[in-house]
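Given as structure tokens, the chain that follows is alone and in the form predicted alone.
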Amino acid sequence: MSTTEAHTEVPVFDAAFVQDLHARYAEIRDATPVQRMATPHGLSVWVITRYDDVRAALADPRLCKEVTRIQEVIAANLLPDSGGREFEDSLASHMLNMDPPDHTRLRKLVVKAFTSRRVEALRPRVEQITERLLDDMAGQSEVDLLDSFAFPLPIQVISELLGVDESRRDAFRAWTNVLLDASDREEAAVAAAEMSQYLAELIEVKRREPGDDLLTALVDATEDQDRLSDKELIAMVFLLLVAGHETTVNLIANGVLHLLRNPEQWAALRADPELVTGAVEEMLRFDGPVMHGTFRFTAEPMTIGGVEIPAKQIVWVGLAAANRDPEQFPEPDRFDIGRDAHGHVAFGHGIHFCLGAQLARLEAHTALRGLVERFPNLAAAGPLDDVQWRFSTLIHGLRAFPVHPAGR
């Protein structure tokens, strides 16, 4: 196959890009399957935008994830005028940033906590938390859907699963917002240090006072006489906490936003709450919570979609772009809870497929069904076109989402 080059113009993935994410990626996807871009921190990255290429890339072992090598590759790909910023690698030694065999080893130690049986056993508690949050919303004329519902549901579930003190949950939200937003590196370093210290202290508590929770199980976990080191434990709990709530927070909020933007879809769900399963899959496809797969780099020169990417280049696998590819999903910019959204890559693909996908789906199904049954006249408290998106290179989520639970 002959190779081509990505467009010579290098777009910047900045705050303006995020506010118009899908339209901007549609322009790039139509023009080229792979586009070189620059991040706000001066990093040169290659973004894969088309569905078939994205799905193949997610399972391609030539795109590596080892965090120690990623830091080295990132340093080499900082643009000359970037000021030499370094990659923030605190808390990063978790399985999502590892290749086999290390990834295989770590995933084996935690996968048992997310079997279908264990996730299904959480359903009554998820329903109980949902009902309590809906009760709290019922007496208010206006709430921020993020603060009152989309955040507290998954953070309480994952915190209880891990055995995290309820008093620290707001701190976790603050820490993860700083770490995941494309913001100040010094703030991120402080947040990482504070979170690492707390998790180290929590692990010591679980050693002294074991509980009936996942963190205690991870402390005690063995597989072929293997155990997690303290560093691995801290990074694993960080990953589970962040992935265990950030994705579901934004899945719920983004999905409700588009249901309200498309009132005929909200009306269809209200008329038949059994449509919730398909609705959640369309929410994941149409505007899922994760824009790109986490950092990968080319271990050798690669040709993707006819575009040649040199060795030791940082690659973003464009999940959001792939899920709007018209070659895979007809009329991709139409939000339709009745469509077959099977095959979307919102949870990734391959060995790094999201471990908590089933839990996220359970929480989203329960949340969405509860909302539509309890508040059938739910309405936005302001113009839906005025919502602002967080500036992150990973998470696609709203800054705030004020709503009237009982309608206008």
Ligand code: HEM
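Every value quoted in this text rests on a predicted model; they were computed, and no experiment measured them. So that there is no doubt, residue numbering starts at 1 and follows the sequence shown.
Here the subject shifts to the form predicted in complex with protoporphyrin IX containing FE (HEM), a form of this protein not shown in this document.
With the partner left out here, protoporphyrin IX containing FE (HEM) still marks one of 298-306, 192-200, 164-172, 248-256 in the predicted complex; by a 4.5 Å heavy atom cut-off that stretch is 248-256. Contact between Arg369 and protoporphyrin IX containing FE (HEM) in the predicted complex is not found at the 4.5 Å heavy atom cutoff. At the 4.5 Å threshold, heavy atoms of Leu359 reach protoporphyrin IX containing FE (HEM) in the predicted complex. In the predicted complex, protoporphyrin IX containing FE (HEM) sits within 4.5 Å of a heavy atom belonging to Thr294.
Cys354 belongs to the set of residues with a heavy atom inside 4.5 Å of protoporphyrin IX containing FE (HEM) in the predicted complex. Taken together, the three residues His103, Pro289 and Phe347 all come within 4.5 Å of protoporphyrin IX containing FE (HEM) in the predicted complex, as judged by their closest heavy atom. Residue in contact with protoporphyrin IX containing FE (HEM) in the predicted complex (any heavy atom within 4.5 Å), chosen from Ile314, Leu134, Leu228, Ile158: Ile158. Checking Leu269, Ala243, Leu145, Ala113 for any heavy atom within 4.5 Å of protoporphyrin IX containing FE (HEM) in the predicted complex turns up a single hit: Ala243. For the partner-free chain shown, Met95, Leu96, His103, Arg107, Phe114 of 92-127 come within 4.5 angstroms of protoporphyrin IX containing FE (HEM) in the predicted complex, judged by any non-hydrogen atom.
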